[in-house]
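In structure tokens, one chain follows: the form predicted alone.
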């Protein structure tokens, strides 16, 4: 089940210990077909999740927004549609290269040590990336460092479906169907075994809200999308 030794042996996937080098290498390998794979695996729901994230942030034109774990910058382009100065940040150089044609500024950086000055961003978004950070609590505190007082954090992440029968069906999809679909469309299908395992191991909505608050954020709230498959957590920098 996703040991670092497995990753080193196969060179294909990361483990649940989330060693940064392993995770970055895994995303480098999925970069080529990352966007199309996400659309297929989500049944086309990914575009709506991006719009909902932008709306939850509520940034005003001209504000500076950092998109952490931006990947190929699809999510950054969505944020920029609101007229904000959106910056894509990711620690996978392969992902940033795959999104090179997208017209937004890009910077390589780790969520636990962002390349921004204190209080230099009006808002920060991380979509489907906090789950992949070696220490999410360190990252949440780092987000509070770079966001100005009164600024907003939005975490868009896979979560726990709220209806028990649906949760059972979804878990079966994650562990059985998702890897099979990934084998047909992904440039690194083994990485999606890690994806399924990491989603199952991730805290539910109230537990994540508590961790965000413990990291120094205020007014933490969340909204479920698609029955709780995805949750948007929003918080304010006090």
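Numbering follows the first chain given and starts at 1. Keep in mind that what you see is a predicted model, and the values were worked out from it rather than measured.
Same protein, other form: the form predicted in complex with a small molecule, not shown, and the subject of what follows.
Residue 170 falls outside the set of residues with a heavy atom inside 4.5 Å of the small molecule in the model of the complex.
The small molecule is not shown here, and in the model of the complex it never comes within 4.5 Å of any heavy atom of residue 159. Shown alone here, residue 34 lies within 4.5 Å of the small molecule in the model of the complex, counting heavy atoms only.
Remark: residue 98 does not count among the residues lining the small molecule in the model of the complex, judged by a heavy atom distance of 4.5 Å or less. Partner proximity in the model of the complex, defined as non-hydrogen atoms within 4.5 angstroms of the small molecule, places exactly one of 115-123, 161-169, 89-97, 147-155 at the interface: 89-97. Against the small molecule in the model of the complex, the set 49, 57 and 232 makes no contact: no member has a heavy atom within 4.5 Å.
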